[in-house]
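Given next, in structure tokens, is a single chain: the form predicted on its own.
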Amino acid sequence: MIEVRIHGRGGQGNVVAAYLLATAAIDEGHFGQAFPAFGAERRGAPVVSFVRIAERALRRRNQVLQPDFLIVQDRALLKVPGVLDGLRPGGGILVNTSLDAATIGEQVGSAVVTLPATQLAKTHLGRPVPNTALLSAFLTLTQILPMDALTKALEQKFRGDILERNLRLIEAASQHVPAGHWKERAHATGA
């Protein structure tokens, strides 16, 4: 089983990201689970979403306390207590920032991959919503699911111009990270 915790802010598509990832996994024949945890339900408030992907039925219903991977949709959240808690040894952290990975890695004391997801989203969507760019990067890094699975999940959620823009965005985002960089780590955890 792979467990992913996604940290973001209200309005960044954090919950949608979790559901898209779980949908993509289910459509590929895996078991998937996604759910959010909210504090104050307002734009800009911290939001956490959880995703589990497994080959067997998922029985756990609790929050992901020891994620294999973290996706952080706002670099400022790295300073919030608890965001990095429980990351499994050797786990991966994907951070939405235009800063280089070494700089962020020094700040958090872990290996990190960075992606300028907000900038990419502004370019391709016309809005600062980094969720699909980060999912694309995550799948490119781990290769736990084919990119086509994300495309199909997006096709279930969106139509028309917004779908086309998201498809261009995920293609662009996949080019910004090293393909398969976390593949061994992902497959060691159960994908």
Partner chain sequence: MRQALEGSQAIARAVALCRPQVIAAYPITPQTHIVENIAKLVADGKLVCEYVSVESEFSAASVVLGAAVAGSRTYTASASQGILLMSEVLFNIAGSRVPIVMTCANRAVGAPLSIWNDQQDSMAVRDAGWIQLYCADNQEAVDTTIQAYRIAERTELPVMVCVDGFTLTHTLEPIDVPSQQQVDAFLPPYHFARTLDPMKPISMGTLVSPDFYPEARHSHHQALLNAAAEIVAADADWCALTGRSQGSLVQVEGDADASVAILTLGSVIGTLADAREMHPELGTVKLIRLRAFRPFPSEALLQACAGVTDLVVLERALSPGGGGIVGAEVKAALFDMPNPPRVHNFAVGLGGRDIPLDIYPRLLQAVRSQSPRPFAVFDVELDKLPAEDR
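Positions refer to the first chain, counted from 1. Remember, predicted model here, so these are calculated numbers, not experimental data.
Keep in mind the form predicted in complex with the partner chain is missing from the figure; the text below concerns it.
- Contact annotation for residue 45: none of its heavy atoms lies within 4.5 Å of the partner chain in the model of the complex.
- When the partner chain is considered in the model of the complex, residue 30 lines it closely, a heavy atom lying within 4.5 Å.
- Taking non-hydrogen atoms only, residue 158 never approaches the partner chain to within 4.5 angstroms in the model of the complex.
- Looking at residue 123, you'd find every heavy atom of it more than 4.5 angstroms from the partner chain in the model of the complex.
- 60 is the sole member of 127, 165, 60, 152 with a non-hydrogen atom within 4.5 Å of the partner chain in the model of the complex.
- The stretch from 179-187, 165-173, 5-13, 18-26 that comes within 4.5 Å of the partner chain in the model of the complex, counting heavy atoms only, is 18-26.
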